[in-house]
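Next comes just one chain, in structure tokens: the form predicted on its own.
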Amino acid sequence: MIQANDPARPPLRVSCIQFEPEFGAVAKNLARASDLVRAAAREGSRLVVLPELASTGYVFETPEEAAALAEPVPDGPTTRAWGDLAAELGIHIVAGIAEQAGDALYNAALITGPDGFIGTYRKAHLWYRENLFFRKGDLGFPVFDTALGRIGIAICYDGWFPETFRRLALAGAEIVCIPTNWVPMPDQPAGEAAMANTLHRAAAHSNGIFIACADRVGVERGQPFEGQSLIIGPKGWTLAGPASREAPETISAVIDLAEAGAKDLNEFNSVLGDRRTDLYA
């Protein structure tokens, strides 16, 4: 396995796939997303991020509806499908999924690679009516050691909490993949960029990490989504995107994960090293 912060690692092409899942049409969504993943892989991408709940759609109306569409991870058909695709293409895939674990449902994301399933993240901070269908994540904020580097995952509303990224950065994450379904924020002025763009750029800068956000587009059961997927470097500058607000789009950037370890701002200041942990409650 390649070691984290190894300057000899080759540059890595990352892609975020922004598309419009159709609610409940799991087979159709998998087929469409698979075509887009294949296209990204043909362009050289080795890490591909898909939206939150990419296989099922987002706007559940009843717990029974959510339960009918949820699947076990890693033994369910959607996880196997992503695993087969990753193995075939020799890439890593991060994708949102509705997870069934016993009698509990989670808004989750899986990571799988050329050698098979790697792990699961369960959304810690549930947004709005998600609280009616899903349990809050209970796996913490794991960082996955992969052949590409150290990968963290967060989902949508998790990005509103600085602690999410700080925990991942302190655990050694070099890139955080964000499957998301961003929606307009309260009192958002017309035409204003997604609040999430500001929050995630700040998080990348404050923690010296790469962040790759894959949003969806369209309107589902009356709920509009924001699009504007983006990839951000460890200094907080945008490397790809923001994508369109309305249209499906794949954005890509070539990155050097070794730069995630370069958290010094100048000869005196380091974003993580300057923390006054003696003063923080």
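Computed from a predicted structure; not experimentally measured. Each residue number is its position in the shown sequence, starting from 1.
Unshown form predicted in complex with another copy of the chain; subsequent notes refer to it.
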query: Gly236: touches another copy of the chain in the model of the complex, heavy atom cutoff 4.5 angstroms; finding: yes
query: Contact of Ala202 with another copy of the chain in the model of the complex (heavy atom, 4.5 Å); finding: yes
query: Exercise: Ser206 in contact with another copy of the chain in the model of the complex, heavy atom 4.5 Å; finding: yes
query: Distance check, Ala258 to another copy of the chain in the model of the complex, heavy atom within 4.5 Å; finding: no
query: Option touching another copy of the chain, based on a heavy atom within 4.5 Å in the model of the complex, out of Ala87, Ala193, Ala147, Ala171; finding: Ala193
query: Proximity to another copy of the chain in the model of the complex (heavy atom, within 4.5 Å), stretch among 148 to 156, 119 to 127, 79 to 87, 92 to 100; finding: 119 to 127
query: Non-hydrogen atom within 4.5 Å of another copy of the chain in the model of the complex for each of Gln188, Thr198 and Arg276; finding: yes
query: Residues within 4.5 Å of another copy of the chain in the model of the complex, restricted to 157 to 187 and counted by heavy atom; finding: Tyr157, Trp160, Phe161, Pro162, Glu163, Arg166, Arg167, Met185, Pro186, Asp187
